[in-house]
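The chain below stands alone and is given in structure tokens; this is the form predicted on its own.
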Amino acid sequence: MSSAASFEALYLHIPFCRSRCAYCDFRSQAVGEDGDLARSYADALLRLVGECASEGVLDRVRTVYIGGGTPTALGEGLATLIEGVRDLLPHGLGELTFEANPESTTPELLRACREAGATRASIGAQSSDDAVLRRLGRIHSAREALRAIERASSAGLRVSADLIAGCPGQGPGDLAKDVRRIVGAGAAHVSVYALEVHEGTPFGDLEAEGRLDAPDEDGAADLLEEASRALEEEGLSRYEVSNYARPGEESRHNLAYWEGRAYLGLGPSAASMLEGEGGGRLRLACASTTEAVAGARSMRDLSFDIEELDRRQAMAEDLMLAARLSKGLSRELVERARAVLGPRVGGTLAYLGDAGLLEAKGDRLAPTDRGWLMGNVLYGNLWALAEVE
């Protein structure tokens, strides 16, 4: 890693789970009986963070996110990792989030993580309905999900929870019930994602056979709108296409992604982004296996896939990312885009406004409700600005 690189956010990938869900295509594997690989992996991550810190590339890092997989599958090793990372960052932490699944979230572990330096827990609830959870292949119950949220809040952690819309077995009213239950349990931040079905997963196989009994696209959109209304009623405002929070409870780490700030990701398939030359951008994805990462003594032992965005692509990406946020596109961003991408910017923004996907809010252009639901159209038109005619 070049000492010239400087990151503002750090992501650590824990590629272990107790079992794989029916919809999941993330890179993960089961924790072994003795957990040796998981322990070696966590130790290696800490070595790599230490190397990066010693080279000064983490001097501006203020947020850390430990995701998965299931970080809580590490047990007490997760608190050890959190404490080690905290101690390696030279200027302290503003936010450290870890993902947690209800079945591996104990009061003792939550307290240990809080004492080690964690400030935020992201609970993978997905639903508050036992029948839906069984269809998803989750190994926790609805009661366990709500108890995990309550326990995390009692441990002094800020709490986020995930929900999935469009699951087999969901119908009208179900997402509103989910929202009321998890917010009532103590979640001050909620992420709502539409179910994605991927080839090679159990859900992908069922869909290919015509046997996946899930809401269609319109039904899933109705569920997303239902969740949005229920969250607003509970006092959580949308600040990103899939994320809602009470005032002050937004994810600072994820905002770093959406605001285009440089971030470093460590672990199999973890992504990094840093500024390139001439206004371009570099993306790196770790191409090493879990075992290779666990055996790494330094960053030189890892392999990366590198994608380079030119100046036009980086600018179009900034527009796309801004359109994911409720605050939308600032006048300054639009003017910078015009300077880089040319007069087509004005025409594209006018088209998106006429289509009801963007609207003026003060001196900004923000997504409309229609824009949230038609994100593929909105983001696709903005990305197309990178093309040279």
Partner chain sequence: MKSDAPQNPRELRARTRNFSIVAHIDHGKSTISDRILEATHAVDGREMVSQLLDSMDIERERGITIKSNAVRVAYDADDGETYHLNLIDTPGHVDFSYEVSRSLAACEGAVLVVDATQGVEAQTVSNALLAMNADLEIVPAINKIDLPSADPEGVRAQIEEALAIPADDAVLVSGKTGEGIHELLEAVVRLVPPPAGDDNAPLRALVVDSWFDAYRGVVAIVRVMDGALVPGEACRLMASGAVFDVEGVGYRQPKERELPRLGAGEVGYLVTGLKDPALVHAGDTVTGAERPAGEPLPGYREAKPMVFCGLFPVDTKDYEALRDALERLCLNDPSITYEPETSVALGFGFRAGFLGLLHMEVVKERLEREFDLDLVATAPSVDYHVHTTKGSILDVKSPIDLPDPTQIAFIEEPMLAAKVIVPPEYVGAVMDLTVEHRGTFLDMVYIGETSVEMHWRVPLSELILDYFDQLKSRTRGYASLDYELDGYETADLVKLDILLAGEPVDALSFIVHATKAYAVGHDLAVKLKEIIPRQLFEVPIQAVVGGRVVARTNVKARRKDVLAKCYGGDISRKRKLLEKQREGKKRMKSIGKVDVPQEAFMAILKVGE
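Residue numbers count along the first chain shown, from 1. What you see is a predicted model; the values in this text were computed from it and never measured.
Quick note: we don't show the form predicted together with its partner chain, though the next part is all about it.
With a 4.5 Å cutoff on heavy atoms, residue 252 does not count as touching its partner chain in the model of the complex; it lies far away.
In the model of the complex, at least one heavy atom of residue 224 sits within 4.5 Å of a heavy atom of its partner chain.
Interface residue remark: residue 283 is counted as part of the site for its partner chain in the model of the complex, having a heavy atom within 4.5 Å. Among residues of the shown chain, residue 209 is not one whose heavy atoms approach its partner chain to within 4.5 Å in the model of the complex. With its partner chain left out of view, the stretch that reaches within 4.5 Å of it through heavy atoms in the model of the complex is, among 72 to 80, 176 to 184, 143 to 151, 315 to 323, 315 to 323.
Within 4.5 Å of its partner chain in the model of the complex, a heavy atom is found for all three of 309, 377 and 381.
In the model of the complex, its partner chain lies beyond 4.5 angstroms of every heavy atom of every residue of 147 to 180.
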